[in-house]
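Let's start with one chain on its own, the form predicted on its own, as structure tokens.
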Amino acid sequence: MAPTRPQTKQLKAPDEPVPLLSQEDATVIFVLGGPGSGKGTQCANLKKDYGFVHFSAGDLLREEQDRPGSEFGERISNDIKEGKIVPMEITVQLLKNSIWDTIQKEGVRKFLIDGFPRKMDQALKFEETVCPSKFTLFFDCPEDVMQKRLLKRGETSGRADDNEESIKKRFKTFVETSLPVVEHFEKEGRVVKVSAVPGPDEVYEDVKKKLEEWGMKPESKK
């Protein structure tokens, strides 16, 4: 009879990634909506009245694209022109750096992240490694309304993606990849949906009402 082999100790499973920040450390709100749904305008209002720091994922990528010596600049430029989504690791790292720098330098811990996450893997990666979001503020707007707004903006914006061909690609990308993110958070009860069809002032009044339902009020002016 063969000798009984001693049992080997069971190896521990590797630890799950620990977020840099918890929901107690910082308030993060994702802001999603199709291109031209008015996210930037509403974020500017919320920044002014609620004291949020506003990060646009698109702006951070464009800044990195134009930064001299950036190893990611050409990749970002090509993806933006084609209406594609920039690799997750680049976007998450840029956001992580910006959030941490703001907390260290300014002490502000309330963040609006505009145009992110645009894919499910981005959402999961950010919440695993940076900070779980409080909720997603989703601006719901029909495609024809958004297209009209973007073509109008393209007359003066100078943005390479404000043209009809790029707009169609961006719509397709949004529907295929970003809407599932909204649906995922909606199942978790973490979506605030607002119609973006009315004028900006009317939309903002709706936003304020819905934020109040989450216990969030404008900061008192000094």
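The first residue of the sequence shown is number 1, and the count goes up from there. Here the structure is a predicted model, which means the values were calculated and not measured.
One more form of this protein exists, namely the form predicted in complex with ligand UDP; it is left out here, but the text below deals with it.
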**OP:** Given that the partner is absent here, state which listed stretch (46-54, 190-198, 66-74, 158-166) has heavy atoms within 4.5 Å of ligand UDP in the predicted complex.
**Re:** 158-166
**OP:** Identify whether ligand UDP in the predicted complex is within 4.5 Å of every residue in the set 110, 132 and 210, based on non-hydrogen atoms.
**Re:** no
Original post:
So in the predicted complex, does any heavy atom of residue 153 sit within 4.5 Å of ligand UDP?
Top reply: yes
Original post:
Within a 4.5 Å heavy atom cut-off, is residue 149 in contact with ligand UDP in the predicted complex?
Top reply: no
Original post:
With a 4.5 Å heavy atom cut-off, would you call residue 141 a contact of ligand UDP in the predicted complex?
Top reply: no
Subject >> Touches ligand UDP in the predicted complex: residue 80 (any heavy atom, 4.5 Å) >> reply: yes
Original post:
What residues of 75-100, in sequence order, lie within 4.5 Å of ligand UDP in the predicted complex by heavy atom?
Top reply: 79, 80, 83, 84, 85, 86, 91
